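Encoded as structure tokens, the following chain is the form predicted on its own, with no partner shown.
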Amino acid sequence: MVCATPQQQATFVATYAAHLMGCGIHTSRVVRNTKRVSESLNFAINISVFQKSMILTLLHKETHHTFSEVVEIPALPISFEHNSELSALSWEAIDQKLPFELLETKYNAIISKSRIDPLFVLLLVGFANASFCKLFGGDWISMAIVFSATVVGFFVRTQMLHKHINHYIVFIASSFIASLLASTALIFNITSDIAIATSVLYLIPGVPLINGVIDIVEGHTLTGISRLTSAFLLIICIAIGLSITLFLVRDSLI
């Protein structure tokens, strides 16, 4: 078996860090996990994180050679599973001194796992939004309408993202479609205002908002502000889509 060179190991560390950032993990945790992995490979590391890229400088403790890696942060779906398993892998690497080949094999096994069935996710999102409707005082008919509107809106969002359409346009369109379908609650003279308002909650970028605040609190101000800015822009897009619906049905609401 051919042993990996320090350059290959440094590239792996950079790929590992970028995948963590792409999965929606706050910066300080990415830094801690990456430092554990690099330490297990006998590197000292310095990490600079930006909105769409990372710069890693790794010093091999034996050869004293320095390696610089500039890696783009991929736009990945938020994954708490990858968050947990890759964090556990970093502890395993440092505690058990995993050889690089085994470490790389375990990493590839984690990121190549099949994701949850999209249909199952679609149904769960629909039930979650319907539950929000009930939580805010909606009746059962409103819940059914919100469920249907959410399923359609989420499906449209998924298909548009697969076609690589600009995500701001995706959020405006998804918000408009979901809220427009939810506005059918006006026909039944029920809690239509709650139905319309809760139909777009599945689009709220909760993870970026939380991570942005955590990053700022923990000193990663640049990354935190970038995440909050992106999240606020998405919220504005949601508001635009919802506003279009309200403009169309405003006579029925009054």
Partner chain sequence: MEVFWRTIANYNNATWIYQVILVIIGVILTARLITKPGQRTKLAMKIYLIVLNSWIAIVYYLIYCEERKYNNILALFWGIIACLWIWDTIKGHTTFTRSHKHDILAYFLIVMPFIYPAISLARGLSFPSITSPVMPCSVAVFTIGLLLMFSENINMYIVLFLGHWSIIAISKTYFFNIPEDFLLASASVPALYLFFKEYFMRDLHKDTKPNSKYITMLLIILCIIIGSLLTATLFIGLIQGK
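Numbering follows the first chain given and starts at 1. Treat the numbers as computed from the prediction; the structure is a model and nothing was measured.
The protein also exists as the form predicted in complex with the partner chain; that form is not presented, and the subsequent description refers to it.
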In the model of the complex, Phe155 touching the partner chain (heavy atom, 4.5 Å): yes
Just checking whether Leu122 would be counted as a contact of the partner chain in the model of the complex - the rule being heavy atoms within 4.5 angstroms. yes
Using a 4.5 angstroms cut-off on non-hydrogen atoms, would Phe50 count as touching the partner chain in the model of the complex? no
Taking the partner chain as it sits in the model of the complex, is Ile216 near enough to touch it, meaning that at least one heavy atom pair lies within 4.5 angstroms? no
Considering Ile172, Leu180, Leu86, Leu103, which brings a non-hydrogen atom within 4.5 Å of the partner chain in the model of the complex? Leu180
Candidate stretches 86-94, 67-75, 129-137, 114-122 - the one whose heavy atoms come within 4.5 Å of the partner chain in the model of the complex: 114-122
Ala4, Gln9 and Leu58 - do all three of these have some heavy atom no more than 4.5 Å from the partner chain in the model of the complex? no
Output the sequence-ordered list of residues from 187-226 with at least one heavy atom within 4.5 Å of the partner chain in the model of the complex. Ile187, Phe188, Asn189, Ile190
